[in-house]
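First, one chain by itself in structure tokens, the form predicted alone.
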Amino acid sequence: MNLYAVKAIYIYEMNRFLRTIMESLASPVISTTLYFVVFGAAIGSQIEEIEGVSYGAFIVPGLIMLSVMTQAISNASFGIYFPKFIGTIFELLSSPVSYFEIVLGYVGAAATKSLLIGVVILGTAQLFVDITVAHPLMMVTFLLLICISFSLFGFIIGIWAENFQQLQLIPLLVITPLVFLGGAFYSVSMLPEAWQTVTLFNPVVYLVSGFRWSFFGVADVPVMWSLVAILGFTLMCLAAVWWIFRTGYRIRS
């Protein structure tokens, strides 16, 4: 493996993030604060606890998931789309760098950025509520898998997109609604029985539920299903990336 090439791509992408680090980190801090003000104060005053967990603490895993997923997609999609846009991707493809090394560099950087943002949000949440992680190893496992899988998904979107507007299409119109409707700020058990069944078709439910279980030991679906869901999604993204480079879909023309 050409570790020098992977390192070069990784450092280039991380330097782009560090040039705007204040804006990159300030945005999730402000967003988290607003969510606590709106959801914690307005809704939390009406709902004291959910499954034995205070409402303020209950929404923390959902907040982290919302930011991590969208940031992972945005960072990875822009990272690979911009070389396409300015034409430098052909220099990359003609260099002695394998497809695996290209993906490792871009996806690794995007996953690192989203992981840092997740840690910042968790730290910000600690200022508002007391949070104890019941299963820290599983929490880290879920967080890493989600960062990696959605960075891969963002990489795919960056290859697919033909303009900057399309980069934001799926995060804004698909991922964000799925997170809001996936039990990020409520328990699925609070819904009428018919809606509970419908909600289980939302794949984000399994990710949020598993991540919340790692914090509080409570989940809307069995934890094993959550692990299967995130591992399955990761494998699907890897298969899609392999197909893209094998066929040259939107990168060789």
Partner chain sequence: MQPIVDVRSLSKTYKNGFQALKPVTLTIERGEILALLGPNGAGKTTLISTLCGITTPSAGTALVGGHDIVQDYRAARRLIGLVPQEITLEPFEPVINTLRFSQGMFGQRRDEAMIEKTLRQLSLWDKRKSRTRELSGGMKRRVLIAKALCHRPRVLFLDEPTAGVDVELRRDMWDIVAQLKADGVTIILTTHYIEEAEAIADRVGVINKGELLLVEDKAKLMARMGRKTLRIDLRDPVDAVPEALAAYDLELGEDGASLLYHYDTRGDGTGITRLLQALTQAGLHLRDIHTDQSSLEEIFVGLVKEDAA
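Residue numbers count along the first chain shown, from 1. Bear in mind the structure is a predicted one, so any value in this text is a computation, not a measurement.
We do not show the form predicted in complex with its partner chain, though everything after this point is about it.
> Just one stretch in 175 to 183, 123 to 131, 80 to 88, 149 to 157 has heavy atoms within 4.5 Å of its partner chain in the predicted bound form, so which one is it?
Correct option: 80 to 88.
> Check whether T141 has any heavy atom within 4.5 Å of a heavy atom of its partner chain in the predicted bound form, and answer yes or no.
The answer is no: T141 has no heavy atom within 4.5 Å of its partner chain.
> Is V119 one of the residues lying within 4.5 Å of its partner chain in the predicted bound form, judged by heavy atom distances?
No, V119 is distant from the partner.
> Answer with yes or no whether I9 is in contact with its partner chain in the predicted bound form, where contact means some heavy atom within 4.5 Å.
It does: once its partner chain is placed as it appears in the predicted bound form, I9 has a heavy atom within 4.5 Å of it.
> Is there a heavy atom of P136 no more than 4.5 Å from a heavy atom of its partner chain in the predicted bound form?
No - in the predicted bound form, heavy atoms of P136 and its partner chain never come within 4.5 Å of each other.
> May I ask you to list the residues of 85 to 107 that have any heavy atom within 4.5 angstroms of its partner chain in the predicted bound form, in sequence order?
Residues within 4.5 Å: I86, G87, T88, F90, E91, L92, L93, S94, S95, P96, V97, S98, E101.
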